[in-house]
Each structure stands twice: as structure tokens, then as C-alpha cells.
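Below you'll find only one chain, the form predicted on its own, shown as C-alpha cells.
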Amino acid sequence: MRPLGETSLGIGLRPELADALCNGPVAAPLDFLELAPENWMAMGGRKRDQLDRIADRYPLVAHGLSLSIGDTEPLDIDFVSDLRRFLDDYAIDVFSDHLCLARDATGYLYDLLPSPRRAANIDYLAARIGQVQAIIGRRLILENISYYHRYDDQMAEGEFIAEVAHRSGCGLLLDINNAYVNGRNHGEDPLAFMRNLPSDAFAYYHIAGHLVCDDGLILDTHGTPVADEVVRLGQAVWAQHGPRPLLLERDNFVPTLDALVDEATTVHRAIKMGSCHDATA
């Protein structure tokens, strides 16, 4: 994989975009694509051929959905081993998933739920992260999720995530929209959250759109353009932690490739230009 620069720009590899990415002109503003490995690992035929062709045109990073690092079930070693082979086959150096739980004893929940942010859980998480990193032969990168439930007697999110990264050696994927959504929904300051995080752990950033409901609740939908408030938070993130590769997520109501690239380019430019200003402004 060609290494990503600190100002690289990417979008998610969605099925709706695969034909255009395979057969159309290479989208010059794009430096990389992000795929969900679960959607490609067991595929053959036309879909695997598409991925082979796309991988020849764009560097790939992988963003998983089902590691469930924060649950209490045994790690799925077979899955993690299969993941290692897939990452090796496509020379994917960057693999991320979510700091969350997504399983219980009955199986997958098809949702990402927050892990309780308690000091007693940090060593448990660090040990599981170490297991995964040993198998995949790469640093595991973990993303802050959007959440709608809070447990009692928790550590501050930024403090908890920073300590998990310190004890495990994992990297971090900062989702700027998730930080904004959580701040608005729970009456917290997303700037204070992100200031607690260690800059040297960040591998890259996510940014996305959200939906504001009639009752004021914000849903992290990845189905709308990025809000101006999230762009401004992205500017503060760059001013505080420095530039990193930026990925625009769009999972619902996916526009054409050209339209998505235009939006990603506009957001990227706005964040780079605005990050010259004071992050506390």
C-alpha cells in the first residue's frame, strides 16, 4: 500500500460506487478508499474482481464493523485470522474498528453499543487489543462511536480512550461527527473531549453528516452532507492535533461518485483553511 500523507483525502468504498471506481476515470482528488472487510472477505466472482481492479487504482484502508472489542465474549480468533489474510492479500496496512461492544451471548446485535467507561475495564480492553494486534500483525486502530445510552459512574470519554490507547498501544481514529453528536445529545463539550486525546495516537479522521430530529436528538446517519458545525469542529481538531488523512463517510442516500468527491474536496479544503485559526475561537 502506498503510504498516506497527513493531508490525504478519502471516501468509503460503497457498492453504489464500485462500477464508477472500476470503470470511470481515476478520481484525482482521492488518495485512498476505506472498505468494510466483512463486506468483501468471503466474496468471489464479480465482486472480488471489482475489488482487485479498485485496489490497482486506489490505496485501501480497512474499517471493521464486528470486532466487538468491548464485549465479554471470547474473541473470534477464526475471524481475526481470516482478517489478517485479507489485509495481507491487499497489502492493507491500516485496520480500524470501533471501541464498543456489538455482541452478547446470543450473537451479533447489529448495532454498536458503548463499552462502560470504568477504570476496571481498561486492562481487560488492553489485553484483548493486544491479542488482536498479535494476530493481525498491525496496530489496531479504534474509533470513538456515537452513543445514545450512558452508564452511571463513568470516566470522561476522552480520559478513558486516552488511557486505553496508552496501556494497549493501539491507535485512534477520531470521528469528528461522532464527537459533535455526542456533545449535543449529552450536553457535553466536544472540544474538551478531543483535547484529552493523545495527538500521537491518531491514524486518521472521519467526518460525516447527521440528522436532527424534531425533538432535538441528533442521529449519526451518514446520510446527509456534513453540517457547518461539524466542519468547524474539524477545523478545531486540526488546529489542536494537526493534520491527518481525512475520510468522508456516506452510507445512506449515496450520491454519484463525482458529487461525493466534490463534497469531500470542499469539506477538506474548508478544514485545512480554517485550522489556521485558534481552536478555542
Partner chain sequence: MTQQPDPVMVREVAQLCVRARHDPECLYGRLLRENVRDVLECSFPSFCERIEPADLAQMVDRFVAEHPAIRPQFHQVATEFVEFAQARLSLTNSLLCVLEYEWALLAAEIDPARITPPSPGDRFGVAINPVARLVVLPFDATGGDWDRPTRRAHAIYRNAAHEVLTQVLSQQDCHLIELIKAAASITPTALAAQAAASWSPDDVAQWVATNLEFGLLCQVAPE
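Residue numbers count along the first chain shown, from 1. Treat the numbers as computed from the prediction; the structure is a model and nothing was measured.
Missing here is the form predicted together with the partner chain; even so, the following discussion is about that form.
Consider the chain as shown here, without its partner, and state which of Gly209, Pro190, Pro114, Gly171 has a heavy atom within 4.5 Å of the partner chain in the predicted complex.
After the contact test, the surviving option is Pro114.
Does the partner chain get within 4.5 angstroms of any non-hydrogen atom of Asp93 in the predicted complex?
Outside the cut-off, so no.
4.5 Å heavy atom contact, Glu229 and the partner chain in the predicted complex:
Output for Glu229 is no: heavy atoms all beyond 4.5 Å of the partner chain.
Do Gly137 and the partner chain come within 4.5 Å of each other in the predicted complex, heavy atoms counted?
So Gly137 does not count as contacting the partner chain.
I'd like to check something about Ala55: if you look in the predicted complex, is any of its heavy atoms closer than or equal to 4.5 Å to a heavy atom of the partner chain?
Close contact is absent here: in the predicted complex, Ala55 is far from the partner chain, nothing within 4.5 Å, heavy atoms only.
In the predicted complex, which of the stretches 26 to 34, 60 to 68, 243 to 251, 229 to 237 has residues with heavy atoms within 4.5 Å of the partner chain?
Looking at the other structure, the answer is 60 to 68.
Would you mind checking 213 to 240 for residues with a heavy atom within 4.5 Å of the partner chain in the predicted complex?
Heavy-atom contacts to the partner chain in the predicted complex: Leu217, Leu219.
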